[in-house]
Ligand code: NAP
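Below you'll find only one chain, the form predicted on its own, shown as structure tokens.
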Amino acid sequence: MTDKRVAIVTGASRGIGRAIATRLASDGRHVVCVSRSQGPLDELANEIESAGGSASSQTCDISDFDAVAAMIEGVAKDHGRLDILVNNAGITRDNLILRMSDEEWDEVINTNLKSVFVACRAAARPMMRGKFGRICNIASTSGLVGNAGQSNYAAAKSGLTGFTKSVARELGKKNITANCVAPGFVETDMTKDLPAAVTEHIKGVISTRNLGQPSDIAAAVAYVTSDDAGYLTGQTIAVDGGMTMC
């Protein structure tokens, strides 16, 4: 049991998820760091604790829907509450539509969209019991404007925005908000190996002329999951340097 607000962050072992977990912990939350790999999670939890924060780790494959529900129910039971859910984990299986297999489509839709439905459904009850909840689903600018070679990923992320609006309408009267944060191009392991020419082209279509940092996304998530954000729900916030202007 804890007096701190308890937050679950999926895909927390690296990149944007790691930045979100670290930021929420620095803001006084107890953060349950979730990923498939125990080693990086333990390292992150220890790093947060060493900095004076509060964290624990939990391995879970988000493509295993029963495991996702059991993980969330277990966290709520162990801590006596669940206040914040950040659905960050996801995968890509990029391919042009003429070459995309059914498996590549289904794997991305199930992992990036259905797992979020399962997680939100499981989290709703403990949040309702606690009369407080903040749900943040990590979408993408690909879901706002599309991206060649990512029809599966764009469909899943676009689906998240509609799903989140519906959750916001259903749970708002219970003091539970639901929002999306949609990152643009962010400097992570997924972008660091892009050719220099591609990176310069990307910067050219971004108003601020630079790629974002994981901390930029974490800052937006910190706000939409804060106590101060009680009147913000059903929204998709694009953190993209002005690239999409949505």
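Being a predicted model, the structure only gives us computed values, none of them experimental. Residue numbers here begin at 1 and follow the sequence given.
Another form, the form predicted together with this ligand, is not on view; read the next lines as being about it.
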Exercise for review: Would you check whether this ligand, in the predicted complex, lies within 4.5 angstroms of a non-hydrogen atom from each of 161, 179 and 222?
Suggested key: no
Review point. Quick one: which of 43 to 51, 57 to 65, 195 to 203, 22 to 30 gets within 4.5 Å of this ligand in the predicted complex, going by heavy atoms?
Key: 57 to 65
Review point. Heavy atoms within 4.5 Å of this ligand in the predicted complex: does residue 208 have any?
Key: no
Review point. Quick one: does residue 147 come within 4.5 Å of this ligand in the predicted complex, counting heavy atoms only?
Key: no
Review point. Even though this ligand is not shown here, does residue 118 get within 4.5 Å of it in the predicted complex, heavy atoms only?
Key: no
Check your understanding: residue 111 near this ligand in the predicted complex, any heavy atom under 4.5 Å?
Key -> yes
**Study point:** Members of 129 to 162 lying within 4.5 angstroms of this ligand, judged by heavy atom, in the predicted complex
**Key:** 138, 139, 140, 153, 157
